[in-house]
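Okay, so here's just one chain, in structure tokens, the form predicted alone.
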Amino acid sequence: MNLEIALRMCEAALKQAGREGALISVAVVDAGGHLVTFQRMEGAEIAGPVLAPGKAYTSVAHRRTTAELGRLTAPGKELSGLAGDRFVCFGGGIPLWADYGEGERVVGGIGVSGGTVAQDVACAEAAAEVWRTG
């Protein structure tokens, strides 16, 4: 993960937000969950600067999308009670993988907040596609 690709991922998320009609915040973190870059659209909700990096961190820490974690943390489910502190368990966070196969590992994450969950996921997916295609 480096700043150049992180900025390109943010740009892709912001463009998708424009298509979705959403005002978002977007964060990219490295393999340790540390912030690499963050951008907030003018007029985006005030919770975005907390939720977007939280979603990115959560996706790295658990190596799953935050949408998947949302289902797993519902009452009575396998990870019930996990949400809270730094963990944000609803859609918009995606882990970024490298070396698919034997050496597969998470090298960063993207987090988006500000739209509906579906919009956040779509914007995060647009950013993740930049990572996947290099």
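Since this is a predicted model, take the numbers as computed values, not measurements. In case it trips you up, residue 1 is the first one in the sequence shown, and so on.
Just so it is clear, the following notes concern the form predicted in complex with a further copy of the same chain, a form of the same protein that is not shown.
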Proximity of L14 to a further copy of the same chain in the predicted bound form, heavy atoms at 4.5 Å: yes
D85, heavy atom within 4.5 angstroms of a further copy of the same chain in the predicted bound form: yes
is_contact(E45, a further copy of the same chain) in the predicted bound form, heavy atom dist at most 4.5 Å: yes
a further copy of the same chain contact in the predicted bound form: E68, any heavy atom under 4.5 Å: no
Interface residues of 3-37 toward a further copy of the same chain, as seen in the predicted bound form [heavy atoms, 4.5 Å]: L3, L7, L14, L23, D30, H34, L35, V36, T37
